[in-house]
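What follows is a single chain, given as structure tokens, in the form predicted alone.
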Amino acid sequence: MKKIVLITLVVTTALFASLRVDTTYSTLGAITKRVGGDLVNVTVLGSSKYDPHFIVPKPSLLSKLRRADLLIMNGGGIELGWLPPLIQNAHNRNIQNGAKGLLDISHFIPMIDKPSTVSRAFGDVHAEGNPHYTTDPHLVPIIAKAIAEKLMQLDSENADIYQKNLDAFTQKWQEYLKGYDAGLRSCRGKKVVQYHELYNYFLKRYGVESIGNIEPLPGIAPSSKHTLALLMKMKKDGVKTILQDIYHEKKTAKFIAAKTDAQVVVVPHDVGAVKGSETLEKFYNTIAEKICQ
């Protein structure tokens, strides 16, 4: 009887063994859960409440990386300020550069806004292009496929399950996009101002024009001269919407809004960044509602 119980426990453990997957951000974590299902144990390293460029490399993150079978990163240079030393000090051969357990999603994305030259004179530019691609819901199936293929590579015994999960999720997402796109047709042609170029992928997808940024250059605080010039341009172009994220200062946007009769809308940059954006669908619905209202 003891042998039967032991065998049953071993078989059950094998069937429900989880891959330990770390993702750098919440949106990647949410997609991984949809594709991996019960076969993955997902940990998100960077809180969506903070600037994704400057996640604090706490010791708790190091302990999580030491146990990871797979690390899924956004890429495009956005994690350069915090992730490399954590990977190095984790001493986990699974997730080192070139290892099978490290997945850089940016390698699968048609990146936009690639600079012709890179210099500190242009601010904190990303040589690979704009890394904030997860704001475009049409890129979700590409991300999901890349994650599913990596899971199948690492856990080939359950490849059929990952494939079924991917197929089901992709079909459901395409249905979601039909309704989503239809609701955004009226948004085409709208003009907005951003604080940081967080939403370029969404804006480009749906024909929304960003006429300027509150930042004079990426990562550079707004000056009085730049703010006044932007204010005058907004008045000239009739811009009434300012896209504000949760982690940059809000004083400048409020000042500009008061001078132009514009509205400041706080838009999530990642799943869970603002109240009501805790799932993939709610995240993209909130982006649409905020930008196109």
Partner chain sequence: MQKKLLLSLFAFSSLMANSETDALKEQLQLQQETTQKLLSQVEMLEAQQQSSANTSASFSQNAYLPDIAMILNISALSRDVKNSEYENYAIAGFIESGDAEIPFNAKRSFNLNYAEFAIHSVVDPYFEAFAYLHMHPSELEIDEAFVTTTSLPAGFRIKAGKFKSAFGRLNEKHQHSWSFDEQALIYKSLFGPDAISDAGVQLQWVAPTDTYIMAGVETLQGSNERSFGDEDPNLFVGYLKSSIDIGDNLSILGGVSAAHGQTEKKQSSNVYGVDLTLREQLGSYSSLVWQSEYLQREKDVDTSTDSQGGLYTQLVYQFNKNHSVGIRYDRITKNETDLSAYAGVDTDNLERYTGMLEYKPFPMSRLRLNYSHDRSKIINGTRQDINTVMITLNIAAGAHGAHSY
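What you see is a predicted model, and the numbers here were worked out from it, not measured in a lab. Numbering follows the first chain given and starts at 1.
Quick note: we don't show the form predicted together with its partner chain, though the next part is all about it.
- In the predicted bound form, its partner chain sits within 4.5 Å of a heavy atom belonging to S60.
- Although the partner is absent from this view, M152 stays clear of its partner chain in the predicted bound form, with no non-hydrogen atom inside 4.5 angstroms.
- In the predicted bound form, its partner chain lies within 4.5 Å of some heavy atom of R93.
- Contact annotation for Y206: none of its heavy atoms lies within 4.5 Å of its partner chain in the predicted bound form.
- Taken together, the three residues Y50, R67 and M111 all lie with some non-hydrogen atom within 4.5 angstroms of its partner chain in the predicted bound form.
- For the options I161, I211, C187, I142, the one in contact with its partner chain in the predicted bound form, meaning a heavy atom within 4.5 Å, is I142.
- Heavy atoms within 4.5 Å of its partner chain in the predicted bound form are found in one stretch of 247 to 255, 30 to 38, 223 to 231, 260 to 268, which is 247 to 255.
- Contacts between 62 to 89 and its partner chain, taken as any heavy atom within 4.5 Å in the predicted bound form, involve L62, S63, R66, R67, L80, G81, W82, P85, Q88, N89.
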